[in-house]
Structure formats: C-alpha cells, structure tokens
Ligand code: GLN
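A single chain comes next, written as structure tokens; it is the form predicted alone.
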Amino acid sequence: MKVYEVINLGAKELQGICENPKLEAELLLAYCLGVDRTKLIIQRDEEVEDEVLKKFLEVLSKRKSYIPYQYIVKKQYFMGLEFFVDENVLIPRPETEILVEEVLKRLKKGDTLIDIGTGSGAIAVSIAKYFSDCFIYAVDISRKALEVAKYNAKKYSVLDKIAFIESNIFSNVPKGIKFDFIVSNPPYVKKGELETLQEEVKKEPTIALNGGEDGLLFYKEIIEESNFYMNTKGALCFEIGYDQKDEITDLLRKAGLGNVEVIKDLSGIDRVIIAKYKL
C-alpha cells in the first residue's frame, strides 16, 4: 500500500473515535515511519513496507480502543516543550499552561515553590526551564509518576533545580520549609462524574482525576495545610474546574486567604485561581 492509501485506511478506521481522523492517521503513520508528519506529503506515493504497515495497524487498533494518542507515541507538547508521557501520568493539557504562565509572571529570583501532584512534571519542569533562579519541590503520591517527571527534568537539564518527593500532599515534605508559591493542578472531577468522562480520558490514571465526592477534596486539604508551609507573602496557585470558582474562593477566604485573582482561559472559562494572605 502507498502512504496516502494507508492514511485513508487509518482515517476511515478512526471515524467516530476522534475529532480529526485524518490528522491522527497521519500522525500515527509518521510515528511508525519515524518521520515528521510534513514529510508524508512528499512521500505520499511511496510504498509502505510490510513491517511499518504491521506496526501502524497495531497502533491503530490501540487508538480504536480509545487509548489516547499521546500514550501511544509517548509524548505531549506543553509550554513549547516535548514531554514524555505514559499511562502512569495525566496527559498535560493546554489550559494548564495558563497556570504556569501566571506563576512565571510573579516569580522573583531565589523563590522556592512546591508543585503538588506533579505527574509528568510538566508544571515543575516548565517553570524550572523558563525561570532558572528558583527551586522547586515536586511531589506526587505515585512513584511511577515521579519516575516520569524525573525523566523529563533530566531531558531538559533541570534536575538540579527540582527535588522530587513521594508524598501524599505535604505528608513527606520536610518540616520548616516556607514556600513562596504553592502550585497545584489537583484532581477535581467529582467521583460520581468519572463514569461520564470521555472514553479516552477514562484511560488516564483515576488517581489523577478523582477529586472526591464534591471534586474539592484536594483543594480543601492543600488550603488547610498551606498555612504551615507558605510564606506570609507567598501565593497559592490552583488550576480549577469550570464551575468551582465560588466554592474554592469561599474555602480560601475561610482559611484567611484573600487578594483572590481568577484568570480565565481563551474560551472565557475560569481556569486559574491565585490567593495570598491578607496582610
């Protein structure tokens, strides 16, 4: 079969599985060939070798079973960087870039941060890469997730700027550290809504999605303990669900935090919330 015929086959098979079947078919074939997608245009009339076709059909089968494209090719772009991802970590989303951008705007030389629920390390590694004069504690309850995060930190030469800790929120974080920024994109899907998620989202780690009965479990725990770990002039920075602004703002204010800022994404949805202590 020629390249264009394989792409057409893939696109047909992926109908109803993803939003852009032809694009994903091209990306998967490019992955199997080990080339950039743009090269497929030049190679469209070339024959696809049997071994490559076999591999393509295998990855196509995975995608048809709703395995996310990113888990198949083992990568996801975030903040202009290519991150390794696998089934042990949540796939970094473009909207989380807003959280990173807002933290970067506020960072000062020598600041210390903690990234709670680091997963792939997308937040911690991006901050360390784009703001060299800071130090980050990246924590996650999953040892396998931390291995992925360390791999990405090594890839971008920021291992010396990040301490990785296996920890349930602050449980294993050394006592006495005061952070200038507590940053987190915690699980915030309500437990009862997990079954309603898209099929491919269900393939991601439940532990990185399940926010408890009301979706606020981790916000409550982080806010409650932040008082022991945050500098008086520090900031608490969260990514939030589209309908959580009021509830989280209330939690922050009850904990003595004020100066609440809410940043919307490009669709006008409340996406990031930042709060400081009232001074």
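Numbering starts at 1 and runs along the sequence shown. If you're wondering where the values come from, they're calculated on a predicted model, not measured in any experiment.
From this point on, the text means the form predicted together with the ligand, which you will not see here.
Between the ligand and the residues L113, L90, I116, A128, the one pair within 4.5 Å by heavy atoms in the predicted complex involves L90.
Contact between E26 and the ligand in the predicted complex is not found at the 4.5 Å heavy atom cutoff. When contacts are judged by a 4.5 Å heavy atom cut-off, V103 does not count as touching the ligand in the predicted complex.
In the predicted complex, the ligand sits beyond 4.5 Å of every heavy atom of F170. Using a 4.5 angstroms limit between non-hydrogen atoms, Y188 touches the ligand in the predicted complex. Contact with the ligand in the predicted complex, defined as any heavy atom within 4.5 Å, is confined among 208-216, 230-238, 62-70, 39-47 to 208-216.
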